[in-house]
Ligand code: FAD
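Just one chain is shown here, as structure tokens, and it is the form predicted on its own.
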């Protein structure tokens, strides 16, 4: 006799495990299937984010930033440390420990919420049946009233630079390095490329980043991208724009990378090459041909605004559907779908999803860029405030960057907030709340901010929109 559940989720990343827990909180029986296996051969919940993405990368970014600050900043505070050394093995041990704690925590959350976590492969069949193949044992058919596909994504592999897991590696491999490469190449100057490049640059690698696009951080506001590019250059990251990689080949202990730009053909030699050109939806063997699931031209599962597929009772969320590949976006879709299944009203406001790049300085934004507002034809106004005028930032010795606020000219609604600077990933939350409630610039101007705080920079940028900044000359 086959088992049955109200909700079966395939995938236990940030989208899937949250959906399963939320469904269980509504009193439904829920199961979550996942087959992730780490490099040590052990299975773990959490998907890419917890095992090979968001969490381990932030652990390494934190460790290396502290190391960099100890070398270059502490003496400005009057702290004399002598020679500072980084033990790579200890750094990686800490990263692995954090990952284990959090992935183990998901198993604990499943138990606490009475979600059945199933380790193995899940495949959708017609009639909302799911074929579950455990790590060891025979496959079984599980019946469900509702199925949620949350299979996540995988790194894009270039045919001209195939992964060999030794010299040419993906983002996961870049997190597992046990030694600092003297010369490091990165293909792609997006979020992943910049974060990983920063990690190893701080530890002493000579990092060259090759970006095919002519615009740096094309998805960010131009003013913020310009400031960020200047800061990365100061840090020693050699970012080459308009550089299209044509070939990468290994020869002994080195990788030769050929690329072309407006000046012609070039090549560089590196010890390791990280290919970070984006990710693709992972739908391999996720459903049978007759399950009724439709993919678009880029391989994403086709869904509506409420993440429904064209098969009644089957949903898809997270990286395997349209929209930004962000853990928090997937989690909120998981909550929305579980709430909808329970008969409640639910939605995701895709217009105010924050994006964060955890470099130093951090980069964060929500809403529209100035370029997007200008192209829409809507009259607008902007204001900005530099962290060099922030007392808190000066005390922290982290004055690089700025806050920029974009508002409509007619009704004063805040349309976008863009930050490059210290703790930008935390500061952006205030902006998300403001946009969620359709706040006006005046609302933010009249909101009292603690002094001294980094958040005052957001307040001052809002004041600057109407040329009312109090702690920096208005332009």
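Everything quoted here is computed from the prediction, not taken from an experiment. Numbering follows the first chain given and starts at 1.
One more form of this protein exists, namely the form predicted in complex with the named molecule; it is left out here, but the text below deals with it.
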(request) Using a 4.5 Å heavy atom cut-off, state whether residue 328 contacts the named molecule in the model of the complex. (result) yes
(request) Decide whether residue 221 counts as a contact residue for the named molecule in the model of the complex under a heavy atom distance cut-off of 4.5 Å. (result) no
(message) Taking any heavy atom pair closer than or equal to 4.5 Å as contact, tell me whether residue 255 reaches the named molecule in the model of the complex.
(response) no
(message) I'd like to check something about residue 421: if you look in the model of the complex, is any of its heavy atoms closer than or equal to 4.5 Å to a heavy atom of the named molecule?
(response) no
(request) Please name which of the stretches 114 to 122, 71 to 79, 97 to 105, 391 to 399 has residues with heavy atoms lying within 4.5 Å of the named molecule in the model of the complex. (result) 114 to 122
(request) Identify which of 335, 177, 293, 286 has a heavy atom within 4.5 Å of the named molecule in the model of the complex; exactly one of them does. (result) 286
(request) Let me know the one among 153, 208, 201, 384 whose heavy atoms come within 4.5 Å of the named molecule in the model of the complex, would you? (result) 153
(message) Suppose contact means any heavy atom within 4.5 Å; which members of 203 to 224 contact the named molecule in the model of the complex?
(response) none
